[in-house]
Every structure is written in C-alpha cells, then in structure tokens.
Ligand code: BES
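In structure tokens, the next block holds one chain alone, the form predicted on its own.
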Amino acid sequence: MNFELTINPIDKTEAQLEIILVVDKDFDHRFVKDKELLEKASFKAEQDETCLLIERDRLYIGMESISSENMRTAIASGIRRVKSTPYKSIKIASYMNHQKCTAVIRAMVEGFILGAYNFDRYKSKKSELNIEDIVISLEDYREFELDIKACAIALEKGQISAEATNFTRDIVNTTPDDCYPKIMADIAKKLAKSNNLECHILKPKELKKEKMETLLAVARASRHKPRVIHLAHKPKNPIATVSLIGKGLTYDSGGLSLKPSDFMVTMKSDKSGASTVLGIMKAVSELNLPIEVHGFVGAVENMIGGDAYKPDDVLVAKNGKTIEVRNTDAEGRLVLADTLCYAQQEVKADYIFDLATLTGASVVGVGQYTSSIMGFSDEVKEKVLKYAKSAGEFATKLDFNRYLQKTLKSQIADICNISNTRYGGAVTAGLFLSEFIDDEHKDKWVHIDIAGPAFVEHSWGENPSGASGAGVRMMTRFIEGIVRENSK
C-alpha cells in the first residue's frame, strides 16, 4: 500500500472509498454524511464496529474516543472489512487528540498495514489485496491545523514499525520444516545485507569453543544444527547501547519430556522471541536511530532421539554454573542462559532485554494478550510498560522474590532448570535467567515473556490469527524513547 498526505480537504480528495470514523457515537459531526442510512443499518458506532455503505462508497467505523490504541484497532477492523472488495484507493481525514502530537497518525498507518496482513504462503489460492493507495487528508476532526512535516515523519515511522511487525509475523508463521536454525541465520544474513547491519553467525564448532554447552545440549538430538546469530546496528557516535536477546526454538517437541500431542501444535511459534529481535533490528536500522543496537538469537531445534539430552543430566553453562536438568521441556531457558552470557561477553550495554515465549505459566497468570515483564530495576521495567502502552501492546510486571528463588535449588548442582513447585512458573523462569546476568548488568536487564500474545489462534485487535509480532513495536518505541530522553 502506498500512503500519501494531502492538505486538500477530505471532500476535495480523490479516492474510490472514503473511511469515516464515528467518534464517541457523534452522528451529528460534520464528517458523518449518512446518518439516516446508518440508523437503518442499526450501526451503533461501538469501538471497531464497521458499516460499509456500498451505494455511497463509504465505510463507517466506530471509535470510543480519539486515542492511538482505539485508532489502531478501528482502522485494522476497517481494512479487514474492505480488503477483499474491488476498491483500489481509500481516503480518510485526520483525527488528532492534540494539535502537536502526531501519534494518532502513526497509529492509523499501523492499523492499515497490520490489519491488512495475511499469511497465505501455504494456500493454493492466494489472497488478494486490491487496495493500492491510501490518502490521508490533513483536514482534522477537531479542526486542528496540522504540521505536514511532523505528520509525514509519523507516517514513515508507522510504516516502518508495522512492516517490521509483519516481517516478524511471517517468520513465526513459517513451518518448522521451512524455518530451522540455518534458515533463521540465512534470514539474518539477508536482513543484514539489505539494511546495512553487521552480521556474525556462530556454528557448532564456534559454539563449542565459546563453551555454550547448555545450548548445544538442547540441540543435540536434532538433524538441524544450531546457530547463534549476532546482528549489529552501529551508527556513528551512538547515544546508548542496547542488547536484545531472543529465544529461537524453531520447533520444540519437549525433548524426552515429550509434550502431549495437542501442545506440540503451534510450537513453530517458539521462535517468536528470536523473530521479534530480527524485526526490531529491521525497524531500528530503517529508522536509522542513533543508538547502537545488538541483536542476539539462539536458534535451536529441540527434538528426541538417541542423542537427546536427558532429565538427570547436569550441564555446564558458559558462565561456569552447573544446571541439573529435571525437565527437557524447560529448554528455552537453557538456550537463553548461554546466549545471555555470550551477549554480555561481546557487548557492554546500557540496556539488556531478552524476549521469549518462555512459559505457559505467563499465559495462565496474565492471559493470552499480555507480556510479563521481570527484572531488578523498577525504573527500566516502568519504562518498558510505558512504551508498551504507547505501542498498543499489553504488558504487566511480575515481581521477583527470594522465596521463589529458593525453589530452584538443586541438591547436586548449582541450580535446577525447573522449580520444585508448580506455582509462579513465569517468575521462577525469570529468576533462573537472572543467574546468567553479570552483576554489572543486573539493573540494566529486563526479561520479557511474550508467551501469551506472540501466537494466538484467533484475531484480536490489530492482530490476525497466528503470529502477532509481539514486542517489535514495544521495543522499537523504547529505543526511540532513549533518543528523545537524551535530546531534552
């Protein structure tokens, strides 16, 4: 889709279809031109409700109030309603909640791109999106006079962040037979080449040399050899340095602690953390932010076989800590343990974030749509929550405590890979990871469990059924926020 801004009033803007938002059920607003027809159609203007008047070439969408979150989901609902129609061009006015704040324009653009997403790689009949052009008039709902340059910047940022999210969705949705560690490394190389990123790939020999034995143990029974990927965006004179670490289980059978068959379905999504890191690197490089950003991915497949690692094994992590394995399905934390150690060895960062579909306990605790945020620094956690909200993602804090830390105690090693209680599993997984964070990085690190929102088997908000790209917009906003904070 091509986007264009125009200073022309909406009525003098050419397009085949007009989208009109009915805000707070205000049917008397000057933008609403078909009040009687809408009443006959029983259109109530509830949030995200749509009404297509084909005879008038107008699509009405309900919106509770003007906000970025409401705009994003309203537009996504609207584009889903018309993407299979013959319309090729759309026009829409501006709906701002503040004259100098362009966040709603960005959300509008994100809504169009995210809502139009469709994954049909494995369909014999491909879906068609006829809409080619979207024109946004700067005639505003509240009659604000808008700065076209500021709006153009917001539009570009919206395109970049939404396209990076869709890029991530594509990787996550790809089946395990088509996306295994080598393929993830190939995707990273291609991204590095197109986006001027540095790229370094570690293969098994290099991983052995780096003493990444826990990661290698998880990978042992798979015919697909593991990879650790390091991408870097290095601008001149960076304001700060950020490291992102992603869990890349391209498929997780559970290993010898085999998952029930129902729980193996959708395990292609266990690479969501890694895919999100790749998506963030795409967005950051295209925004050309003056922040040095490093993306680390531990890409592994967890399978069964004669060489599989076993419950009762004791593994030695890169930092020398010994780990008693009591469940081979708690493998993501083993992959992350070594990858976190490697990331800290390679880069001394101001912020360290790991993103992972780590625990079903997170989904049980906070639901399908919310990411769990953990770490030692309340300040950094609060910032993550702030930027998650501005990006339209749901996130909440889960607090560490010393009593849950004790549940990871092992009688024969330094730590167990699972706790001795069924309760607080998301937190105990985060506490396990904290054992592999250096003292100098403790207050710079945040663990983000995206197990809930990363892959949901129905559409919700601006997200389709399947992969959502959770974490891409949230962390991109966080990194943009570092720039703003340092420019004050």
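Numbers for residues come from their place in the sequence shown, where the first is 1. For clarity, every value in this text was computed on a predicted model and none was experimentally measured.
Here the subject shifts to the form predicted together with the ligand, a form of this protein not shown in this document.
Can any non-hydrogen atom of Met267 be found within 4.5 angstroms of the ligand in the predicted complex? Heavy-atom contact with the ligand at 4.5 Å: present for Met267.
Just to confirm, Thr359 within 4.5 Å of the ligand in the predicted complex by heavy atoms? Result yes; Thr359 sits at the interface with the ligand in the predicted complex.
Please run the contact check for Glu331 against the ligand in the predicted complex: heavy atoms, 4.5 angstroms, yes or no? Glu331 belongs to the contact set for the ligand.
Whether Lys247 contacts the ligand in the predicted complex should be assessed with a 4.5 Å heavy atom distance threshold; does it? Yes, Lys247 lies within 4.5 Å of the ligand in the predicted complex.
Triplet Asp252, Lys259 and Asn327 all within 4.5 Å of the ligand in the predicted complex via a heavy atom: Every listed residue reaches the ligand in the predicted complex, so yes.
Where, among 383-391, 360-368, 203-211, 151-159, do residues come within 4.5 Å of the ligand in the predicted complex by heavy atom distance? Heavy-atom contact with the partner occurs in 360-368.
Counting any non-hydrogen atom inside 4.5 Å, which residue from Val104, Ala188, Ile418, Ala164 sits next to the ligand in the predicted complex? Residue within 4.5 Å of the partner: Ile418.
Heavy atom contacts to the ligand in the predicted complex at 4.5 Å, residues of 366-392 in sequence order: None of them.
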